[in-house]
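Encoded as structure tokens, the following chain is the form predicted alone, with no partner shown.
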Amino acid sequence: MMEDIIGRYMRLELDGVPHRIYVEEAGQGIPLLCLHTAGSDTRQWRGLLNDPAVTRHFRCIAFDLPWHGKSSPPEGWWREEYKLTTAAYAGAVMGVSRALGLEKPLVMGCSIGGRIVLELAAAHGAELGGVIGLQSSAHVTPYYDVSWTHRADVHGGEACAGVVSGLMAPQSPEAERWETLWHYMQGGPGVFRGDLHFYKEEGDLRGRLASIDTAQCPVWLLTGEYDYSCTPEATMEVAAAVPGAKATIMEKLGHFPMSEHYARFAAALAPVLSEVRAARR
């Protein structure tokens, strides 16, 4: 049985550099652009893109960031160390959105994606229809040595999966938890560490929150309770700093709600999507 997800490659320039970006989509209606977590790829959104309750009303789009999944690094990548920055990340998201001709897209991201949607709301709110941050925090204090994720004497993929394995709720189905980890085991060498440059070092957005206008770009925050990387408290700090932001702490979910237990996540997401639809009528 064939799924309705369609995958294609897009060629575009990001910051003047040619890229070949892999994009998947399903559904029709309001554009919903989905951002994967650090070190992973669009497969995390398999549940959403196969959910007729969502795709009936939303054109769901997910893409692999450069260096991730099926999006290869740019030519000459071997001459540089990959480090994700706020400017490069926001530029990639907006570049893909503009290339696809999306009109007022709703942008939903998790973890590093939940962080960058805050920057998008602050810097590009006029172009967006709103943002949904999953496991969103404005910063995180480094709590482990990221060098272990990229060493010659350590299996990088298994090390990355080991790092994130404890971030999922124990109530999430075993098969979904292990599929989430499988995606991490397949990441390119040094990519997870490069993403954490944004998440743990360069991408502190606490100074950007006050510039978000939720009347122009609504902000919804959904955070699983079982997460010591982006804690519920960290999400509530963001909500308190962004007037008009709406926050929900999801029970029995962890750092990867959309892939570790989609059915439970879908129930939490449904009221937000209903609110979006009502506002677009």
Partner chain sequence: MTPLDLPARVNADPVLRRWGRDLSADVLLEVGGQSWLLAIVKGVITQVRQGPFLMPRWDVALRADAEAWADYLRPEPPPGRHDLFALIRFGKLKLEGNPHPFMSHILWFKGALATLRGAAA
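Everything numeric here is computed off the predicted structure, so don't read it as measured data. Residue numbers count along the first chain shown, from 1.
We do not show the form predicted in complex with the partner chain, though everything after this point is about it.
In summary, among the residues Ala99, Ala123, Met185, Ala87, the only one with a non-hydrogen atom within 4.5 Å of the partner chain in the predicted bound form is Met185. Checked against the partner chain in the predicted bound form, the candidates Lys83, Arg151, Lys104, Arg206 yield a single residue with a heavy atom inside 4.5 Å, and that residue is Arg151. Segments offered: 227-235, 40-48, 24-32, 54-62. Contacting the partner chain in the predicted bound form at heavy atom distances within 4.5 Å is 227-235.
Although the partner is absent from this view, Met108 stays clear of the partner chain in the predicted bound form, with no non-hydrogen atom inside 4.5 angstroms. In the predicted bound form, at least one heavy atom of Lys252 sits within 4.5 Å of a heavy atom of the partner chain. In the predicted bound form, the partner chain sits within 4.5 Å of a heavy atom of Pro170. Under a 4.5 angstroms non-hydrogen atom cutoff, the partner chain in the predicted bound form has Glu158 among its neighbouring residues. In the predicted bound form, Val140, Thr141, Tyr143, Tyr144, Trp148, Arg151 are the residues of 124-152 with at least one heavy atom within 4.5 Å of the partner chain, listed from first to last.
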